[in-house]
Ligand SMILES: C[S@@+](CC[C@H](N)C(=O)[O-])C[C@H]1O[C@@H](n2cnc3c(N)ncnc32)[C@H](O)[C@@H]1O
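Before any questions on how it binds or moves, here is one chain, the form predicted on its own, in structure tokens.
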Amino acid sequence: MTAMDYSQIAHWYDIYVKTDIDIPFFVNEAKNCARVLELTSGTGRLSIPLIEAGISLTCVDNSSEMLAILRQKLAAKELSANVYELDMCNLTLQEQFDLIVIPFNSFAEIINLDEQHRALQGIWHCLAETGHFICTLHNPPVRLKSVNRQLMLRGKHSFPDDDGTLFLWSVEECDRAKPGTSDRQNSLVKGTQFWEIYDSKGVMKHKSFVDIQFFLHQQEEFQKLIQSHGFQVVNLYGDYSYSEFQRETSPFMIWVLSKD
């Protein structure tokens, strides 16, 4: 099972993913960088604002469907970027970058430990000697509060031109360690997302679901993981306003890393 099959949701993604809380942060971090690499760029939620801010950007994602939408946006706005369909666990780029970012907690979707190591190894080779790598993650004590095996409405979103409404629901649970198994199982979240689409008269037109899973890295575990690949911590923020990370209350772990 993969983290999520984005081919099922690419055509709806921009309808229900509207967040922009991280955009000023990343634009600020990238403003003095000659070359920036965005991993898991998707349909360009962050990519477009970075390019519009004058950033020289390379975009990587492993979903052809998501990248097709990104390319359409770039063409419509007459913007340019290097766009590659690649798995970040198997980076084959030959150039180095002043800044590499994984936004939107996407590293959590790499649930296999060997693949996490391969991703970090590839990022190390793509990072310039004086560059920074920013990896954003969920903060487990906060994120787990909504992992309760209950079906929850995550959002109600209108289509353009009053062409209907999308309801996004999800249910999530956290695997519990069994006797003799690794404690890592405590941090693997599995679930299902459901989409319901209604027309302007409230009549359902479509209903579907996609399975999801993601890994919640504990602070100490992730720090050991990145240090094993030669990264050192420059800063650890708890949100996109540069607040100091607080273990019990910060919504995110925003890691700013450099090479040793």
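Position 1 is the first residue in the sequence shown; the rest follow in order. As the structure is a computational prediction, the values presented were derived from the model and not from experiment.
One more form of this protein exists, namely the form predicted together with the ligand; it is left out here, but the text below deals with it.
Interface residue among Asn139, Gln116, Ser106, Ser187 relative to the ligand in the model of the complex, by the heavy atom within 4.5 Å criterion: Ser106. Residue in contact with the ligand in the model of the complex (any heavy atom within 4.5 Å), chosen from Leu93, Leu79, Leu86, Leu144: Leu86.
In the model of the complex, Ile51 stays away from the ligand, with no heavy atom inside 4.5 Å. Contact between Asn62 and the ligand in the model of the complex is found at the 4.5 Å heavy atom cutoff. Contact annotation: Gln193 falls outside 4.5 Å of the ligand in the model of the complex, judged by heavy atom distances. Contact check for Met66: a non-hydrogen atom falls within 4.5 Å of the ligand in the model of the complex. Checking 210 to 218, 35 to 43, 193 to 201, 230 to 238 against the ligand in the model of the complex, the stretch whose residues place heavy atoms within 4.5 Å of it is 35 to 43.
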